[in-house]
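Alright, here's a single protein chain in two forms, structure 1 and structure 2, each given by itself as structure tokens.
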Structure 1
């Protein structure tokens, strides 16, 4: 505590049209510490980071780096001053090589010419330091999102920053990659770097962080030492409610798998496969049943879901929907048969960020009607109004651009888009990734109530607890193959599912 803070932010306020994103927030970073910045979606975490790195200018307040007031006009200036940032979405160029991505904008030069050998050598060195075994001349897009994230971190730490900001770096990493990242973070911390760490995974907070700052609705809740703050208390501070919500979350919805399996099947896939994506698998989803897909990142969960929606075409096998064989030539055919698909990548494959909340919500329904039969504005408003209310989307303004919403609310908009098409089978791929505890609980509850109303759901998540809590049946994926299908009865627990993932068969 005696050590002076390397970075102090005092009385920071930031106003956006119609919303006060930050209200008189204080924040500080000590050298040689990992500091977790926590809060629900829309609490102001991302805004605080963007204010700090000069992406946004501040309305009020001061920022001091090593005691001297600073004001950055952009991330590159902040970087020069020793503040490096890895943003939530990988901001790299997928069509350039790994080495180019690490050094782009600050390539070592001689007489104005880039020294490519030097670039490659230093990139390899840097990755070696992170113990990553990559071909630095390969295109970045050849690697998974997780690896790309680590490359982004390599890029950030190349300049030995005083302050390293990691904005949800772990949201797309699997557990071994998270361990890898934490090892690197500890290494940097021990070298004296102050690390600001934003995440939604509370376990990770307790594993890595020394200090916690909690924000709520743009205001500061407080700064705490991690060891002094029990997890439940932390969550209560984040959502500002007492513990009843958490208990509700823990509550196991009555899972009577056997009864659901006797219901009529909505979708049956047999021997379905796509070369290079998913090995042949059989799967059926019944009315009122939640089928969970468990497996590591890259195990083929998403690829499987895309085949069922016709987003990719299967080259083997058959699909029957409602008992009739269907050739899924594209998403349109799947939608006509009552299949809906919420993609895991909200920004790239889900929402249209330039359109309003209203337009995003009616998009799928309108697409299936074709352009000649527009939904009347009154009908649109009715539908949108109803879902804004029932899914508790905030701010409840249908004319806002969807990009101005927080992650959890964007996810709800995406869900609303599919719910108004009234699907028979709803495929949700990682609906709770990167969103806060409160919204997560709401989405989980929604899944349960939709199933109770008779909808069939395919629920994909990297979080085993979540899959176990919600699913009647669990399909386990490993290496692009469905290795097991488990009825979720009493003797199925996370351990057994993990064993199935690890060993590739039911133990």
Structure 2
């Protein structure tokens, strides 16, 4: 007889203005298992966790814990019921000691005074249970992010939770630190704790999880035993393409030029790496070439792009731009060498929503000139008018606040900001995500046009068809490694790229 689920979520739906984040989703969690919750960006993973823990209310559906209906008003109430969550960003106080962090907010007291000796003793016992040898009186900031993550887990299990949710706990850890985390997870699983594990790393899913639930676009794809689901099928379910029914791409402007000899490399990266972010990789982008990066969310695509723009500093390797070695100490150096970067997070890292369309467009050009050489208003108006027209930004009002534009037009404003600097290499990270079909087609045509005019582009997209349609060369990312580089010729199709993602090598 199958063991009853400790947690059951049935018919869960959650609507936000204009978006159905969850649509009739079922989920169950058994005691003594590690259950991986997977899906691409926007699949509904975070929403499901927030609904479970009371951050969001439920529009439809029921939640049962140990067979009894529950509905929480917030994470504190969920924790009291036995559901603890450890988030990707360690939500502790680095200036306090290890022991203080474990018991903050629930310190043992006597006559109102904290019993510090008992705090330290109980903290040491709790860490000893997890086979962690730490000085509980040391400041948390004295330890690595990996150890801080384990301290957060120790805090979470102090209440003996029935359910432990680990949301991207390995995103900032190296391989040895992941091994230590998995040792603790296996110990807790063997003690009967039910663990909900959210990650984007496929190898880790198959190493640690017992079952997998896949979400896509707010809906449930299915629940599977990990041992019964081949990695290639998992990738297909996450992306939404079954291999036997893959459609032929209608048009691939890049393929005609894929065989061109690109004699002039704009950027060359050799052995470039950043510990914990991207393993060493080689990459060249030539004049008039679109290099696409394919891979699942969390595979390292954005981290690679940030290294090439100097937004993050590389630990190893070399970059040459225009044939010259360049030390990318920051984005200013990259911009001075003709490299531009459109971030995937156009709101947090791209646009300044309280500025006008005009002010946003001229921002990068003005920064490259320096604030002692301001662009005249007349010159600003000329440049902005040209890009409003060429990119068909609507409404074509340069004095409109950029926050009042649609997502597609905001993306065009961000592209205009960088195009106005006339870069040699343009890095675009998910430029068509979250915009309507018409705007997406316009941006795709722009990418092809820029390459035809001689610009080098690094194009990142979660949509494999889009990468195939636009790219001359495809770099395949998996678990923060570049596992393949494919010339986009007649032998390359979606199945081959998906197989490289799933298997970690060229198929």
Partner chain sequence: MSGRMGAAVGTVWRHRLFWPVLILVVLLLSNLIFTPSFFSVEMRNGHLYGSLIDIARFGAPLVLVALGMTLVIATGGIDLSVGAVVAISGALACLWISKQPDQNAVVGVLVAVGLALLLSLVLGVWNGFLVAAVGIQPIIATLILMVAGRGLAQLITDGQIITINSSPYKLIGGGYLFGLPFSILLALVMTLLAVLFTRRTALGMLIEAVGSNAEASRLSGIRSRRYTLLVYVFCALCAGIAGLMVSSNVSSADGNKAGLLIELDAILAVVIGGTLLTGGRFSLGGTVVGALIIQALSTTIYTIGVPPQTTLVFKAIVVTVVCLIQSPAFRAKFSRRGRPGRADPPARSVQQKVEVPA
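C-alpha atoms forming the largest set that superposes within 1.5 Å between two forms make up the rigid core. Quick caveat: nothing in here was measured; it's all calculated off a predicted structure. Positions refer to the first chain, counted from 1.
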Checklist entry - For this pair of chain forms, which number matches the form predicted on its own? => result 2
Checklist entry - So with the core overlaid, does the Cα of residue 221 end up 2 Å or more away between the two structures? => result yes
Next on the checklist: I want to check residue 371: does it shift between the two structures by 2 Å or more at the Cα, with the core superposed?
Outcome noted: no
Checklist entry - Superposing on the rigid core, do we see a C-alpha displacement of 2 Å or more at residue 321 between the two structures? => result no
Item to check | Core-fitted comparison between the two structures - CA shift at residue 194, Å | outcome: 30.2
